[in-house]
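One chain follows as structure tokens, the form predicted alone.
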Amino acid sequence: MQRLFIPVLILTAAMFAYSPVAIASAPYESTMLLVQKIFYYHFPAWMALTAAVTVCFVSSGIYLFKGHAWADRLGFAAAEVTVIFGMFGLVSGSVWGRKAWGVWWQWDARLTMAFLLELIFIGYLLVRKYGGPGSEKLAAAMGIFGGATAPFVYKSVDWWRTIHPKTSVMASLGETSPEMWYVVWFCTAIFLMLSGLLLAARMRLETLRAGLDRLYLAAED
């Protein structure tokens, strides 16, 4: 994995540098016009968050029931990545909402549940930082809870009345405007690779930190 990190980093950087060109070449949406282009980063940010939440959910379950230290480190790293992309998604969505709805924020089902999901994982990090002995188990339980909450965020626009676009928007986009659809998925690939790189870097850091802690304990003995 370490040997792949640099090539993937270079590829991700090159794709990210090209992404504004691809976004600029995509056609304007008929009603939102220029502001709609925020979507090309907004949707990929939530896809990257979804991937990070899934990793945190699975690794937290493994740690909670099996006690593997590597799963705890992976869950911790994934929670940090989740918070990063969640914040990006909320801010970019608010900028878009200011143009679409006339306000920066609406307390509708999708937005509220997305905000609560972000708070859950911020809470995960706070528990790990300040929870004291045994906080790893409690944080793992929060990671499982956050992962179980994520599907409700996704389906909220279909289950409840909401001003947020439905989940079918991507399927309709592929039919009505293939040019937009390709650019969206190009940017999604960038964000997924970026989330993978961040996850690998944080996992590596946590592994080195755990090794350093073992050396300190050995020196004290």
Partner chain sequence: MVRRLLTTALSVVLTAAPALALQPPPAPDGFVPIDTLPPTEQLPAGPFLVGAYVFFLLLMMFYLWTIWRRLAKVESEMRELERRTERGQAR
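Residue numbers count along the first chain shown, from 1. Model, not experiment: these values are computed from the prediction.
Below: the form predicted in complex with its partner chain, not depicted.
(request) Have a look at 84, 116, 122, 141 for me and say which one sits with a heavy atom within 4.5 Å of its partner chain in the model of the complex. (result) Selected option: 84.
(request) Answer with yes or no whether residue 26 is in contact with its partner chain in the model of the complex, where contact means some heavy atom within 4.5 Å. (result) No, residue 26 is distant from the partner.
(request) Report yes if any heavy atom of residue 134 sits within 4.5 Å of a heavy atom of its partner chain in the model of the complex; otherwise report no. (result) No, no contact at 4.5 Å.
(message) With the partner left out here, check for me: in the model of the complex, does some heavy atom of residue 102 sit within 4.5 Å of its partner chain?
(response) Close contact exists here: in the model of the complex, residue 102 approaches its partner chain to within 4.5 Å, heavy atoms only.
(message) Within 4.5 Å, heavy atoms only: does residue 208 come near its partner chain in the model of the complex?
(response) Judged by the heavy-atom cut-off of 4.5 Å, residue 208 is in contact with its partner chain in the model of the complex.
(request) Name the stretch, out of 105-113, 92-100, 67-75, 144-152, where some heavy atom lies within 4.5 Å of its partner chain in the model of the complex. (result) Of the options given, it is 92-100.
(request) For the stretch 35-58, return the residues whose heavy atoms include at least one within 4.5 Å of its partner chain in the model of the complex, in the order they occur. (result) Result: 35, 37, 38, 40, 41.
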